[in-house]
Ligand code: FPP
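As a starting point, one isolated chain is supplied in structure tokens, in the form predicted on its own.
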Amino acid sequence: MSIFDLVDIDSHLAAALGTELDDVSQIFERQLASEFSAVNTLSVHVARYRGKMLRPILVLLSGLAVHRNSDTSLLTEAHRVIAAVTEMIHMATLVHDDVLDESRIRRGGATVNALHGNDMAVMLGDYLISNAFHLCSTLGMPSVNRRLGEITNTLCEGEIVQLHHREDLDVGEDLYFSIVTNKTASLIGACCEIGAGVSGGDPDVCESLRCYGRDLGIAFQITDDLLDLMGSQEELGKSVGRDLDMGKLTLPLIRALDQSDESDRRAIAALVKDRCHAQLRERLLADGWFDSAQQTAIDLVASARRCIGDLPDTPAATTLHRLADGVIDRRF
């Protein structure tokens, strides 16, 4: 199912973007093609991880949103290549995350590490990253290469900091938001910023779109954390409860630990230590911490929409607003 089946969008724009995304997928597949069947088998498998291709869509929509119309003929091969590159970087993080979180299921199927082991999964993630930057270098746009290199460094820093703080019940909101901004939101923001820049958007517009993507990305990650806590494998098509299993604190739990009295904090800490999923979930719901975190995601979506409030009134800009609204109920 396409993201355009889940979010209300101008039908002409949806059809044109669908064609653009087909081209992005072909670029993606051509770049990963190898003379070795073992490599191709893994590349075909990881292609299932692409899902709704949010990041490529944001590159393309942002490239259109800086113009006073949404004529997709304004999109260039550079937009399509950058869209493919950002998706490769994202795929690499998913493959590595599955290793780190010992996940067995993604998109309703077995993860690479579940099928082929951690060694193979780590190398596939590395293969995706190296191909992403090889492909990006073909554009002859050093500033884009540098920006995406900077963002990839940031993704890794965020993951390292999160790993360092596993089992740390003293993680505060500031650190949580720093981690989430680095490991998730920075790439989403860069997709919007670079897509606009390649279309000739002025620096202020590119920065507005970056801020839109950053806030959207943080809201996206908070919602993803809540789904990991409250959802089911059948609903989500991936392993759930892994944040708690791996000792990673998310926003509702951080707030519960920080704002409860000492007795309640000890009780919550014991549930975390013993990995009592159901009891912890019930407590966070009953005490309002789930709703508190969800409201923060709603506020961030509103902030993201304000960031792009001055864009020309076009189908592309309207779609960016609707994508933001879709983050809260995770229609994609």
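One rule holds for the numbers: they count along the sequence shown, beginning at 1. Values in this document were obtained by computation on a predicted structure and should not be read as measured data.
Although not depicted, the form predicted in complex with the named molecule is the subject of the following passage.
**Q** Among the candidate residues S260, T72, T184, S199, which is the single one with a non-hydrogen atom no more than 4.5 Å from the named molecule in the predicted complex?
**A** Contact check passes for T184.
**Q** By the heavy atom within 4.5 Å rule, which residue out of R210, R255, R80, R106 makes contact with the named molecule in the predicted complex?
**A** In short, R106.
**Q** Please run the contact check for V161 against the named molecule in the predicted complex: heavy atoms, 4.5 angstroms, yes or no?
**A** Outside the cut-off, so no.
**Q** Is there a heavy atom of T223 lying 4.5 Å or less from a heavy atom of the named molecule in the predicted complex?
**A** T223 lies outside the contact set for the named molecule.
**Q** Using heavy atoms and a 4.5 Å limit, would one call N131 a contact residue for the named molecule in the predicted complex?
**A** Looking in the predicted complex, residue contacts with the named molecule do not include N131, since no heavy atom lies within 4.5 Å.
**Q** Taking the shortest heavy atom distance, is H96 within 4.5 Å of the named molecule in the predicted complex?
**A** Close contact exists here: in the predicted complex, H96 approaches the named molecule to within 4.5 Å, heavy atoms only.
**Q** Of 86 to 94, 166 to 174, 189 to 197, 112 to 120, which is the one stretch near the named molecule in the predicted complex, taking non-hydrogen atoms within 4.5 angstroms as near?
**A** Going by heavy atoms within 4.5 Å, the stretch is 86 to 94.
**Q** Spell it out for me: taking the named molecule in the predicted complex, does every residue among D101, T152 and L155 have a heavy atom no farther than 4.5 Å from it?
**A** Spot residues vs the named molecule: full contact, yes.
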